[in-house]
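In the block that follows, a single chain appears as structure tokens, in the form predicted on its own.
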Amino acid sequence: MCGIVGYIGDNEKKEFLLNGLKELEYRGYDSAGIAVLKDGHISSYRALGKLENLVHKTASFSSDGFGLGMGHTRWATHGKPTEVNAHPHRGEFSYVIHNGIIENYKEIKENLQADGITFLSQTDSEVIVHKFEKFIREGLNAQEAFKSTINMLQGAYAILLITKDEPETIFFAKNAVPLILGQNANGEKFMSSSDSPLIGYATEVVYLEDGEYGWIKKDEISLFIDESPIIPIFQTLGRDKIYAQKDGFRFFMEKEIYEQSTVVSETLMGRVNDENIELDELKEIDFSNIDSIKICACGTSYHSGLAATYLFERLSKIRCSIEIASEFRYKKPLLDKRTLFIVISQSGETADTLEALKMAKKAGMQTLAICNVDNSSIVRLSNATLLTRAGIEKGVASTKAFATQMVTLWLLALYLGQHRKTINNETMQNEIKALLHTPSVLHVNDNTHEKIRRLSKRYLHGHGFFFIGRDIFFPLALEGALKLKEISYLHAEGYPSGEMKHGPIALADSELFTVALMPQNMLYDKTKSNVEELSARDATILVISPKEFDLADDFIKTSNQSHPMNEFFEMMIITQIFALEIAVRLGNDVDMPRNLAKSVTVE
């Protein structure tokens, strides 16, 4: 989740830009850069890696007096993390920074290349500045050229653009990616991806809406939507930086639950078209020489991998097994070169998973990483990587990392089914429809959240929880139980619904809380029978389902979905909020639960 800052005014531009980017480090990045336009000249600096590298590069640069500037932290989506791919991207007389993904960049790029325009980077973002300059060369003024450029773009974006053609102006546009405009009484104006870089500089802000664009000058703000001018409505900016990073939520975990819809959209961007799945990152994998899959992971990543085993066998028609990495390392496993070895890790530094990957590499297996952090140890060692694009996750109990891992693995299962010709056109269309519907499913319903908050007060005691489900909902039950025990410190287990009668049902009484995942599109009647067995033993039952269940002590109704994966994601959010609200009532530190670390880099 890249970061953007911008500035117009008389003070030192570099100071605000670097300080602002520092405040955005929590979003995650692999490179950074700034560009400053002063006295008709643009100075630009870019650096790979940590922000300190950019600070060092700009140590001798200063920019007192009136001017404007913009800065960017990049988290790679198109093109590897290199200095060439870092922002700002330049044309002949203009520079651009961009967060998000331009879905139709290939078409725009090909048209520009046909006109003789040379591209320096592998990014989708570079097309913006070249298209803008092409419109100017065709006779449009800068404002008209910017409007025309924005009208051509499809996808998600927050854009800042500066040009020598308008040396006192910053152009901006926003669609599906956050962008804020700020100002103060000194005539300074600011742009940013979030509140925190603006605190201490701006006194009031406008939170731009999707489709809004315009330009700012020292004494002017021009804001439009659908080419119609609108008046910006400013509001006072608070002064708590941690609160600003949380975007008004009580905890980072709560914020990350709510932003799953946005990050899953980023996971999908550029990877799904109307008819198939495009995963350009997998060109290094020879799938013709693969006849099985082995997944290796730990914790939450293990749960996403376990759910994926159902998807690979169902959609790709390929044998798939999964191992807990800490066990795999010491069991003297039989490794076959015709098996694709997949590792899953949020951080890319998980010690047990990294060692398992080294074993697979040594055995000559083709390896694939599903990871959130580019340039991490696991990514560097793997033959290929699918980045989940979740952005940095500050809550120790993983939420959006799990959601994006699941979507990435679903994409991979479809891609492999496409390659193996195991999915007919009708099935593929249904899967793509469900994939593209997932971000909508992940919008948190405020009424549902409030119901869970009120209901949670009844689940603060007892001798434990069982989360139960069948098929892909069994791994979700494991994940729901893990979330609860991580932050509430209450005992919880996940079980396959059909296994309850093979021992665990002996624990059933009124003080045993059972959370039953009962999707209508996946073995509903079978799961219903299992829940009825628990009810007959007087267990306290919370049912999560689109169908009313008379024997439930508590019931959370989900929406009617036509695809089980959409039900999966809706129930996932409910279990995450359930764990959150119980932990809040118990007075626990939701973001930093005891005894746990975000990245487990030791055995």
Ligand code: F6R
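One-based numbering along the sequence shown. This one's a predicted model, so the numbers in the text were calculated from it and none came from an experiment.
Below: the form predicted in complex with the named molecule, not depicted.
Which of 340 to 348, 422 to 430, 192 to 200, 494 to 502 sits within 4.5 Å of the named molecule in the predicted complex, heavy atom basis: Single hit among the candidates: 340 to 348.
Residue 300 within 4.5 Å of the named molecule in the predicted complex, heavy atoms: Flag for residue 300 set to yes.
Non-hydrogen atom contact residue 318 with the named molecule in the predicted complex at 4.5 angstroms: Outside the cut-off, so no.
Proximity of residue 266 to the named molecule in the predicted complex, heavy atoms at 4.5 Å: Although the named molecule is absent here, residue 266 would stay clear of it in the predicted complex, with no heavy atoms inside 4.5 Å.
Close approach of residue 396 to the named molecule in the predicted complex, 4.5 Å, heavy atom: Contact with the named molecule, yes.
Of 131, 89, 483, 294, the one that lies within 4.5 Å of the named molecule in the predicted complex (heavy atoms): When the named molecule is considered in the predicted complex, the option within 4.5 Å is 483.
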